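The chain that follows stands alone, in the form predicted on its own, written as structure tokens.
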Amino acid sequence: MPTSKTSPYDVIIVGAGVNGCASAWFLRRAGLKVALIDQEGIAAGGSGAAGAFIAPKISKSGPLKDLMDKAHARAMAFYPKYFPEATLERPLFHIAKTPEDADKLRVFRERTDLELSEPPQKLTKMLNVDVSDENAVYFDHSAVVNAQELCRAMSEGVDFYRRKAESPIHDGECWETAGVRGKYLLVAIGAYPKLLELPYIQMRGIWGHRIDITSDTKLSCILHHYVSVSPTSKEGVMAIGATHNVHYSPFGTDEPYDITAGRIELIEKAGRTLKLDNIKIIADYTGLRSGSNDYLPILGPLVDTDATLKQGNEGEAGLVYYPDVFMINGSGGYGFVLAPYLAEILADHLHDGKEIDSELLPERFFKRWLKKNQS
């Protein structure tokens, strides 16, 4: 795909979280010239605060489970191969929190193709909870990535602009925002304020807090229970989190997030599961993640609401799209699992014209929004 003569970039990506950085990596690898824009920096928000565990979806069945199985396999192949220094491969021990979770685990154990085994006794003796085949599962092969280091590595070779992007303008050939021009515009800003008028897309903001600690306790695996605890790629450092705080939002309030209360919550939840001795907190990471209302991620071109309504178009064939604008969003707590899978689909679409699965397209929300407002 040739670059426009009047544009220095093939693609402008707004948002330097894991979705934006993964997209930049795959698009650059496809031979496209990419610009990445973020007003705060690379992985400065929710992605940087993520636990960044490459874990499978523990559920019984459904479209999200099928999608997550594919994405998990892709991520487990992708990160160790291309970013080994930011990836720590370790077993994963997942313990159910409720009887409902235990039932999901039971079905998962029966159906999964992933390699499972019994947890070592040394590990179970460290726990404050009783575990059995009925309420826990131990994966031999899993991983955790260093969120910020990984995003920086994926964005290498891409021009980065630390600027506020707003009110993008299309001149009939290219998009321009924050003084940067490109043929395609990719919106990867999560739950933060929108660049375009998209009344049909309402994201769920999920505030996250992760702490990095040192402790006399040594953990050999990734542990999921009330909260996640794991070793990290940094020698001697463990991570706790991230929490999913649905009660706090940075929007509509002047009250800052209470870091101290967040730390207490994280340590208390971790302590319900694991005996942690001589804890020292060495870093805090906070930020807002985004989830879609139907829990499936969002990937594809964006419907122009005003243009569609002005033409009286209501059917699928009559939808009018913003020219050359795409969104990647809505991964919730599975951003690092989904990002390589989604970004590769996007790159294949822009470079080779491959279709995007209809279940991912943003237009699904427009159709629901239109039906609701008509009624």
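As the structure is a computational prediction, the values presented were derived from the model and not from experiment. Don't overthink the numbering: it's just position in the shown sequence, from 1.
Note that the form predicted in complex with a small molecule isn't included here; everything after this is about it.
Enquirer: Whether Val34 contacts the small molecule in the predicted bound form should be assessed with a 4.5 Å heavy atom distance threshold; does it?
Expert: No - in the predicted bound form, heavy atoms of Val34 and the small molecule never come within 4.5 Å of each other.
Enquirer: Would Gly262 count as touching the small molecule in the predicted bound form under a 4.5 Å heavy atom rule?
Expert: Heavy-atom contact with the small molecule at 4.5 Å: absent for Gly262.
Enquirer: Is Pro297 part of the interface with the small molecule in the predicted bound form - any heavy atom within 4.5 Å?
Expert: No, Pro297 stays farther than 4.5 Å from the small molecule in the predicted bound form.
Enquirer: Do Ala347 and the small molecule share at least one heavy atom pair within 4.5 Å in the predicted bound form?
Expert: Answer no; every heavy atom of Ala347 is more than 4.5 Å from the small molecule in the predicted bound form.
Enquirer: With the partner removed from view, which of 96 to 104, 110 to 118, 126 to 134, 190 to 198 is the stretch that lies within 4.5 Å of the small molecule in the predicted bound form, judged by heavy atom distances?
Expert: Result of the contact check: 190 to 198.
Enquirer: What is the one choice in Val227, Leu274, Ala165, Ala71 with a heavy atom within 4.5 Å of the small molecule in the predicted bound form?
Expert: Partner contact (heavy atom, 4.5 Å) among the options: Ala165.
Enquirer: Which listed residue (Ala49, Leu27, Leu67, Val325) meets the criterion of a heavy atom within 4.5 Å of the small molecule in the predicted bound form?
Expert: Looking at Ala49, Leu27, Leu67, Val325 one by one, just Ala49 meets the 4.5 Å heavy-atom criterion.
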